[in-house]
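Just one chain is shown here, as structure tokens, and it is the form predicted alone.
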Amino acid sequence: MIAYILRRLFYAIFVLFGVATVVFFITRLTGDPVSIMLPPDATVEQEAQLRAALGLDHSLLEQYGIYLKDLLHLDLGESLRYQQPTIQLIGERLPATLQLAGASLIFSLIIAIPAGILSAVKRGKAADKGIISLVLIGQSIPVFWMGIVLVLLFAVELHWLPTGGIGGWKHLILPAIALGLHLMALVTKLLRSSLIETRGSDYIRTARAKGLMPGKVMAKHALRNALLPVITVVGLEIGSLLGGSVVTESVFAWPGVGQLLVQAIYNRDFPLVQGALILLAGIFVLINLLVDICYVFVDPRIELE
């Protein structure tokens, strides 16, 4: 197990190195941050002084070398806009993003697992058709559009919930639904398909022939095996929840890393963009590692080699 985890950690470091390199060069394609940090009537000397102060007077390869050296020391640099350590700015916003992603995940699974089981058990009946229709709607609606519709309906028209911002649990409901709707539809559809396939297996028929109760067959035999692909998809989609929070946080004015990232892109704040993307990629890689380890415990037939 330890050798397996170490090998996966090596792959994770390699992936993060690739992400860090791609992010560094892509951010440099967005333009010169000095041009939007100084007034239009700034002199050439003022631009040169600011560029030198920000470390942008070096060649691109020299900047890349400095960037990698700082990364090795876990130094994500200082924000060009806020003049504060990038890690500090991200750390202040990260709890809000994780809170939103966690609420979206819980909302998705609470709805998707019972709906997937019911749809598989009632296959071909009215309940199954109704759930499949809702799944198709959930997968077809973009996050930003759903967010706007929820705000117009529940905040503007009915005045049941706030339009945005962060506060109590009421502020969390609409963005969590908007962000988690796609995952809910995906898990429902996947669990339904997996359960239908599993329920047709020989060992399920054997369990029924032995006289086991339908509920016990479902819980002990069918559901456990049907959850394997669901675990994989949920693990991968958690990264999508973090990435999708960029749009959701902008729609609902949620003060998380996604909103900070959008502002940093507008301001051409290279260190802040790099730091936020590396952090999101790191969380994504870590979750995938945990999913792989969970796989071994859920299905002991899977070997670590």
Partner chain sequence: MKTKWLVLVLGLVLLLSACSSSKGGTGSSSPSPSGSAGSDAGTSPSAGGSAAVGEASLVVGQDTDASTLDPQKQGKMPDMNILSNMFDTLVTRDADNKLAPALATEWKAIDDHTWQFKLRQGVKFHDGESFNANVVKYSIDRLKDPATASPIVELNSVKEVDVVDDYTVNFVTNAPDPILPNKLTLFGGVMVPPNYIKEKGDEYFASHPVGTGPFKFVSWTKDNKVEMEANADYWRGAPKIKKLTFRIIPNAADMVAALRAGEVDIAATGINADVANQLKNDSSVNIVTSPWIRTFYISLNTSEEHLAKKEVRQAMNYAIDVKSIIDSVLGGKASRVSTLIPKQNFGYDANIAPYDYDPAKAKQLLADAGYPNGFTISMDADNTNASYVQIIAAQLGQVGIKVNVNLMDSKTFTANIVAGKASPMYYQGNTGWTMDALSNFQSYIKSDRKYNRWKNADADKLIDQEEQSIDPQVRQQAFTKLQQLLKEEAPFVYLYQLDSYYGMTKRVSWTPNSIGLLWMYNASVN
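This one's a predicted model, so the numbers in the text were calculated from it and none came from an experiment. Positions refer to the first chain, counted from 1.
This next part talks about the form predicted together with its partner chain, which is not shown.
- Taken together, 38, 156 and 165 are fully in contact with its partner chain in the predicted bound form: each brings a heavy atom within 4.5 Å.
- Only one of 142, 114, 214, 229 lies close to its partner chain in the predicted bound form, with a heavy atom inside 4.5 Å, and it is 114.
- Comment: its partner chain is not present in this chain, but in the predicted bound form one of 125, 208, 170, 220 has a heavy atom within 4.5 Å of it, namely 170.
- Residue contact check for residue 106: one or more of its heavy atoms lie within 4.5 Å of its partner chain in the predicted bound form.
- Its partner chain in the predicted bound form is not approached by residue 133, whose heavy atoms all lie more than 4.5 angstroms from it.
- Remark: residue 161 counts among the residues lining its partner chain in the predicted bound form, judged by a heavy atom distance of 4.5 Å or less.
- At a distance threshold of 4.5 angstroms between non-hydrogen atoms, residue 197 is out of contact with its partner chain in the predicted bound form.
- The candidate stretches are 276-284, 249-257, 62-70, 232-240, and the one lying within 4.5 Å of its partner chain in the predicted bound form by heavy atoms is 249-257.
- Of the residues in 263-289, those that come within 4.5 Å of its partner chain in the predicted bound form through at least one heavy atom are, in sequence order, 263, 266, 267, 268.
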